[in-house]
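Below sits a lone chain in structure tokens, taken as the form predicted alone.
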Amino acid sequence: MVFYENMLALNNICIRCAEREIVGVFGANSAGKSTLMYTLSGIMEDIRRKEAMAGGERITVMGRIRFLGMDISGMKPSRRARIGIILCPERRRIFKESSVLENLRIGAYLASPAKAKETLDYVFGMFPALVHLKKRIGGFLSGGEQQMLAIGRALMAQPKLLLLDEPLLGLSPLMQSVLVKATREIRDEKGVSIIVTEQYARPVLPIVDYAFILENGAAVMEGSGEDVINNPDVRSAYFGI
């Protein structure tokens, strides 16, 4: 559970993601998707501590988070990153004053030189559009190019669990299909477990192994991707059928 002052942002959610699995978390704005991702990545702990020191909004985090058999509930986000939990945040958050190549190299701070080069080659192979943009400043990229860069930067950090927070937000259907295909390839080729949140489930549901529907901070439905996509309530709310 996560409380902002007296507002319940996450309510008794139990999310599971197995090895080499894609888990989708879907819900409308303010359903709790980004709060969930911040909590899993540990950023919520940093926000909570800074708010407490500044005398600002009181944030309460309750419950347990387990990863690879460890209880990581109180672990700092930097330590979570070192054990393989990497967040690709909503709205990209790239370094806009740095070039594409610099952004990717910054992401490789946890990797050995050999592993960084191997992953860099993989990123350019998966997103060939970035090859011709290596020297371009991040702030001059299109939204789709920035999202490819953000995912590539996250991969450079060598994730075991990749958290993708609304990666398709504001992108064209063509770019959405490119990123959905890349998400599946990352799971299949790199063996990375992935939790992806989205407001619009239609592009992502076909590739998820398991899905959760959030409303007002609570999971109101869950099941395999196939079960959820065939549920008439989901089809009505998210597919307009």
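What you are looking at is a predicted structure, and each value in this text was computed from that prediction instead of being measured. The numbering used is simple: start at 1 and walk along the sequence shown.
FYI, the form predicted in complex with a small molecule isn't displayed, but the following is about it.
Mapping the unseen interface onto this chain, Glu185 falls outside it, with no heavy atom inside 4.5 Å of the small molecule in the predicted complex. Taking the partner from elsewhere, Glu57 is found to have a heavy atom lying within 4.5 Å of the small molecule in the predicted complex. Contact annotation: Ala31 falls within 4.5 Å of the small molecule in the predicted complex, judged by heavy atom distances. The shortest heavy atom separation between Val228 and the small molecule in the predicted complex exceeds 4.5 Å. None of 31 to 39, 60 to 68, 173 to 181, 205 to 213 except one has non-hydrogen atoms within 4.5 angstroms of the small molecule in the predicted complex; the exception is 31 to 39.
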